[in-house]
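To begin, one chain is listed below as structure tokens, in the form predicted on its own.
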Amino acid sequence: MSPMSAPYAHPYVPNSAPEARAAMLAAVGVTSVDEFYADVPDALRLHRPLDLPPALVAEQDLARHVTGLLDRNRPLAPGRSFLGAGTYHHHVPAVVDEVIGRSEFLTAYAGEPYEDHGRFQALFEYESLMAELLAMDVVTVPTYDSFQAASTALAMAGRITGRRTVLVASEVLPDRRSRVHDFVRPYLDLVDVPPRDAIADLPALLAVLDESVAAVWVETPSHTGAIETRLAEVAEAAHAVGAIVVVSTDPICYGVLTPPASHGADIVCGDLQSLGLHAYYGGAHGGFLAVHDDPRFVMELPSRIFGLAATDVPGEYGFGDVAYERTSFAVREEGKEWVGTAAALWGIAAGVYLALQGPQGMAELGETILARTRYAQQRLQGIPGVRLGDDAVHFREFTIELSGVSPASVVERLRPLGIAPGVPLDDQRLLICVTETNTSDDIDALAAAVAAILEEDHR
């Protein structure tokens, strides 16, 4: 039986004793826990108890059990992971972990006035560095992740224009598109305009772009790592009909690429994970939102913004909220969007990372990733039975199409050799990610392993 239906007090579930459960149900006027989930579609329900082992009552038994589970993990050698698809293995300098492990940052909560105001300055510095990197004026405190950031950006576009349609002009990360759809579907309609050869299909976009469109949503690099080279044309066309251009992106590439704002983007959003955050088991994620210094956009931002102001003491400055009245902290249920605890610690991590790298470091990093991405493409496309998925310019990620063997089979056969070759997208395409942590030797090892599999299967 599941802990929620067990007729006894479960050792790990508070208030699970039958008499406590009965009292709580009576207090809220229901007879069963199932009534709380009445609005969950039937197709999403399990219709059986969770398949869980009996509870381990002794703490030492539980510790041994968990240790056994953790021992099943098999770490990869550095550079032998080519996994991406939203979470990326970039080098994290030791100083980043050292700074965010300090108690005044690690234990602080939400940035309220009763805390150490050094946290306000740290977030102001992060926002300033991000604004410089993105060629934008205003950047918010981090949101939960890029999914929330994109959802908020599109919701802002809907509020500003009073329109409902969003044209999706890129291959958006499927998980991101799914979560954004869940967030905005009460008031926005996402309409896909499939790209051509991995970049925006401008004629197809122009055919449906009219004054009913609230926003054109572009993701660059796209889900498959393609760089959108027609963004300026897309932005010009969108602005001609009063639509807003929202760009989802990864800031790590803007030491070497021109930022979307310079091509006409109105709102830029994305994830901080690449900037000094570990991949962990799925990543530490924090979203960002950036806009120009335009009150129409700034006042629609629901997240907190920290600014700099002079105090009564000559030469002294303080750091605090800008336009606090925008937020749901100030107006509660009247807020345009609810904002709660944010991923502010990851903003401080990203700020430390950017300060350490500097413009030259970010440029060198971007050049390295671009070069290694192209090297990996060349090595793999030279293998009989492998071809690139498209002809676009790619940053960090790209797809290959395999002949005679499935991507899932390649993954399964290379994993015991200590190589994670990528993420299968379908029966033909494998998504491969290359960062600065993958050396040319690592890429050569991947190519040799893939070639060996194809050669063996084609004998």
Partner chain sequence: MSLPVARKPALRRFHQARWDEPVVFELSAPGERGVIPSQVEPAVRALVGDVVSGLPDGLRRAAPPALPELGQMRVLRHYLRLSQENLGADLNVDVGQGTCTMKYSPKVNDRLAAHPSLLDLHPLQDLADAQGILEIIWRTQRMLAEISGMDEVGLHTQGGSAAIWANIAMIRAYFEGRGEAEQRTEVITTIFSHPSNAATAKAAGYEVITIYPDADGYPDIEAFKRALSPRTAAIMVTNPEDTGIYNPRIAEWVELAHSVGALASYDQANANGILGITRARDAGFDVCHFNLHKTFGTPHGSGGPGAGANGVAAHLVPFLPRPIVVRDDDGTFRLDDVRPLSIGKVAPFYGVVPNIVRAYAWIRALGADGLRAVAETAVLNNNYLMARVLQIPGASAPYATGRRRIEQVRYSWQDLYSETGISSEEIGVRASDYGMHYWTSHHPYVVPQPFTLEPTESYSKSELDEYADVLAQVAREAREAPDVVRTAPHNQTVHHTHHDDLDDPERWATSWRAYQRKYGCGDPGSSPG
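Since the model is a prediction, treat every value here as computed from it, not as a measurement. Positions refer to the first chain, counted from 1. Take the two forms, superpose them, and find the largest set of C-alpha atoms that agree within 1.5 Å; that set is the rigid core.
Beyond what is shown, the protein has a form predicted together with its partner chain; the following relates to that form.
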As a check of understanding, the residue in V256, L202, I160, L388 with any heavy atom within 4.5 Å of its partner chain in the predicted bound form should be identified as V256
(Q) Is R74 part of the interface with its partner chain in the predicted bound form - any heavy atom within 4.5 Å? (A) yes
If you check in the predicted bound form, is L83 within 4.5 Å of its partner chain, heavy atoms only?
yes
Exercise. Look up in the predicted bound form whether L417 has a non-hydrogen atom within 4.5 angstroms of its partner chain, and give yes or no.
Key: no
If you check in the predicted bound form, is E367 within 4.5 Å of its partner chain, heavy atoms only? yes
Assert contact_stretch over 203 to 211, 349 to 357, 164 to 172, 241 to 249 against its partner chain in the predicted bound form, heavy atom within 4.5 Å, equals 349 to 357
In sequence order, the residues of 428 to 453 that place a heavy atom within 4.5 Å of its partner chain in the predicted bound form are E436, T439, S440
After core superposition, I'd like to know whether A448 moves between the shown form and the other one (criterion: C-alpha shift of 2 angstroms or more). no
* Asked: Does D210 show a Cα shift reaching 2 Å between the shown form and the other one after rigid-core superposition?
  -> no
*asked:* Once the core is superposed between the shown form and the other one, does D71 show a C-alpha displacement of at least 2 Å?
replied: yes
Cα of R64 vs H278, shift of 3 Å or more in the predicted bound form, relative to this form: the pair sits closer
